[in-house]
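Quick heads-up: it's one chain on its own, the form predicted on its own, in structure tokens.
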């Protein structure tokens, strides 16, 4: 790592100062970054978003089942299964071959977020699938069996859902990527709030107006949590929050905040309007997707720029000294 010299200052008449050396510009040997950006492609933020959508939908489906809202239960269970299926497909596509996922099940390492996440998905996926199968018009014994297992499977999936919604934040922040790592105290809460907003929003789109009360409350609560904690996160991160405000990641994060805030407001005002509820729900789902893609791309940008690695390291050394 090389930098230009620190700016020297020379006193002028009247007590003023002027720079003798331009501000430091961080470069790396041979033009290479200090950190290697993650090799993950667009499939990974899609995997993050869809997993959160599935998790929140399982919680909503379990609540709808216990409170006698069959249409909301059906929409939520099917959303959960569809979300986790496509999420799993995105993960496998990123891995390259399906057997690589199976290979990760050979061991269980509590210290590895990837290993823990693999087992969480392995437990959650079949439960979400069994709950969704209970909503299908299957004939005979198979239909009776799936309906019998629907509630236990739905409740079990809901019990695992918080881990599904939050472990991906741990997966990102456990890396050396500056923006992801420095967000480790707040990012799980941002992702959980985002998942709640997305699942509540999807239910507003799919379920009849008369049954969407719980979905509306979940969506608004999740949106408030996401927006509030995201603001705290950026304030606590300092320099490494810059990529969240610049370039394409900044555009995605601004879109996320606008869509989430507008969706939450519309959800509160749309209790009697099917159209407003559906539009608000779609905005919440889109806002959640923008959050995941924005955080992902900001992390990649922070890994490519040596400044986000070197400056925080120097600041930490100065505080210790």
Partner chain sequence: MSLGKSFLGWPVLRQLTGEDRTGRGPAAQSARSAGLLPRTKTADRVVDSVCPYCAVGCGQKVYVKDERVIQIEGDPASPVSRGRLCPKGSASEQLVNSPGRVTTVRYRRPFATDWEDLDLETATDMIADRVVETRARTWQDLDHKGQKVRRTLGFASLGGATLDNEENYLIKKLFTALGAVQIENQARI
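Residue numbers count along the first chain shown, from 1. These numbers were taken from a predicted model, which means no experiment stands behind them.
Keep in mind that the form predicted in complex with the partner chain is not shown, yet the notes after this line are about it.
Here is the short version: of 71, 236, 108, 123, the single residue with a heavy atom within 4.5 Å of the partner chain in the model of the complex is 108.
Residue-level contacts in the model of the complex: of 85, 232, 251, 103, one residue has a heavy atom within 4.5 Å of the partner chain, and it is 103. With the partner omitted here, the stretch from 144-152, 109-117, 77-85, 239-247 that lies within 4.5 Å of the partner chain by heavy atoms in the model of the complex is 109-117. Looking at 213-236, no residue comes within 4.5 Å of the partner chain in the model of the complex, counting any heavy atom.
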